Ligand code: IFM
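Encoded as structure tokens, the following chain is the form predicted alone, with no partner shown.
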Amino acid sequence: MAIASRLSSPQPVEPVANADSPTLRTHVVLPKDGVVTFEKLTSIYTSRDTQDPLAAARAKAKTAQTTGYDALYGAHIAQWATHWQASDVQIEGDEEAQIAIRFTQYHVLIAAPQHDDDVSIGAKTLSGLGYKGHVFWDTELFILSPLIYSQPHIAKNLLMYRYKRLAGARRKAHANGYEGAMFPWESTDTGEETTPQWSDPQPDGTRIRIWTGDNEQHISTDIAYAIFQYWHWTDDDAFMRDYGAEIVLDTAVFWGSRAERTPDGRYVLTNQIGPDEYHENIDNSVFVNRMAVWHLTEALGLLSWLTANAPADAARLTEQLQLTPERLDRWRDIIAKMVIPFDDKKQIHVQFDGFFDLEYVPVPRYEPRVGGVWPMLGHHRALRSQVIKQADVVMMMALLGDQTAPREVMLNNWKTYYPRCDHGSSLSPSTHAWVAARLGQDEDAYHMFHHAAMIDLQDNKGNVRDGIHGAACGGLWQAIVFGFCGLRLDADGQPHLNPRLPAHWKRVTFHTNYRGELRRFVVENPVLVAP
């Protein structure tokens, strides 16, 4: 990396020898209340940009100085205006919420790769060293949404990052004894698994085994979900033909090999970690199993679409990925016979096999607090309790919506799992706000929304020193647009609103880029807006 700077000063500037950093010195005499202006322009290049980063940085800094600060600043303002036109969300009636959504949208935009499809957004964006810059499901299921709907060219760049790392996903699947592509839980530039296997030493000197890199495998379906979200909203058939379909189909091959057939002819997924990472290596996570069924179903539908609309690509991928009739029949069998844990008597989904045999802990009694209940219980007791780290069954309801179950079942799920969740992850409050709004749980919806809005602004997780919570930033947009405004695509593929605004919100205005057309949506509270 090379950095070059040029400083404009009213008086000559001379370099000063300094072993630690480049230093410049000048001498200016001012009258009382006098003002002096310095302009420093800096250019940064890396070896990813050019073979000679230093020469390029020096040339760009010189050009910038010739252009001048005022012209550069004017161009900067104009460029940001285009971003805000697409990405701004205006809330009338809640100044705190307005500040929060602009704060979070800003942090999504400054971390987004505008002109580069070979990088992604880490969990802490570029704002801190937490998680060492690694890329998680945070990007696909949280950060991508506001970009898909407002600035799809950036969303495509992020999806291309995954496509360019399919080789690493295939190596991981093969190394674990599976077929197809199995994306790593934590990814960097290589696409290999980079999750550490052990924690830092605990106060007693012991280390905790980290299993997410081994068994939190729903990341592959999370990526497929984001691809379909992008495709349905943008109608970018070329991306799906050339790139997206290969990811979706090869990760479906993974699930086809991962599902285990039982003696009675059913299919199970053992040794999994769902979104609730307090419970490791469990069997039949309802989130994982149900989303795997969704994945295989969508993969079959996609293959049919390719056959009808892009037969050459269908033939290419069928041969390349060995999508034989026998393999596709196995997918159909898994879809029909996958175990989806459900309690018929209580009419609720069961988070995983044996969940309700664990110790019940009354999470609401631990309020107020900063952080999760898990540290209070300790790692080993938390594993044996019903305390949930983050939206799990609730996350399934957010992603699948009305496909999940009848409304009565989803309400039963909410009443069962919401009181058991300690929101130990910053990803959780916004998802709960989204689902609560759709279920008419208005008080809970706004409470969770406010929690999500203040994660960084008020440091209510106590760890903002490690960096901005990127998923919480994207999740806040989802809570507003998907939750309170109720935006979705109807059966005909057209945008549809089903709003349920907080009682004190007067109006919400936002834009989306729907199939290349920038559309403006205004949602009003009829109680507060005069006819």
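On a predicted model such as this, the values are computed, not experimentally measured, just so you know. So that there is no doubt, residue numbering starts at 1 and follows the sequence shown.
Form predicted together with the named molecule: not shown, discussed below.
Trainee: Of 144, 421, 397, 427, which one comes within 4.5 Å of the named molecule in the predicted bound form, counting heavy atoms only?
Mentor: Contact with the named molecule in the predicted bound form is made by 427 alone.
Trainee: Name the residue from 131, 178, 211, 239 that puts a heavy atom within 4.5 Å of the named molecule in the predicted bound form.
Mentor: Selected option: 131.
Trainee: Heavy atoms within 4.5 Å of the named molecule in the predicted bound form: which stretch among 167-175, 366-374, 131-139, 243-251?
Mentor: Among the candidates, contact is made by 131-139.
Trainee: Would residue 389 show up as a contact with the named molecule in the predicted bound form if we use heavy atoms at 4.5 Å?
Mentor: Flag for residue 389 set to yes.
Trainee: For residue 446, is any heavy atom within 4.5 Å of the named molecule in the predicted bound form, or not?
Mentor: Flag for residue 446 set to no.
Trainee: Is it the case that residue 159, even though its partner is missing from this view, gets within 4.5 Å of the named molecule in the predicted bound form, heavy atoms only?
Mentor: Close contact is absent here: in the predicted bound form, residue 159 is far from the named molecule, nothing within 4.5 Å, heavy atoms only.
Trainee: Quick one: is residue 185 in contact with the named molecule in the predicted bound form, heavy atoms, 4.5 Å cut-off?
Mentor: It does: once the named molecule is placed as it appears in the predicted bound form, residue 185 has a heavy atom within 4.5 Å of it.
Trainee: Does anything in 275-296 come within 4.5 Å of the named molecule in the predicted bound form by heavy atoms, and if so which residues, in order?
Mentor: Residue within 4.5 Å: 277 only.
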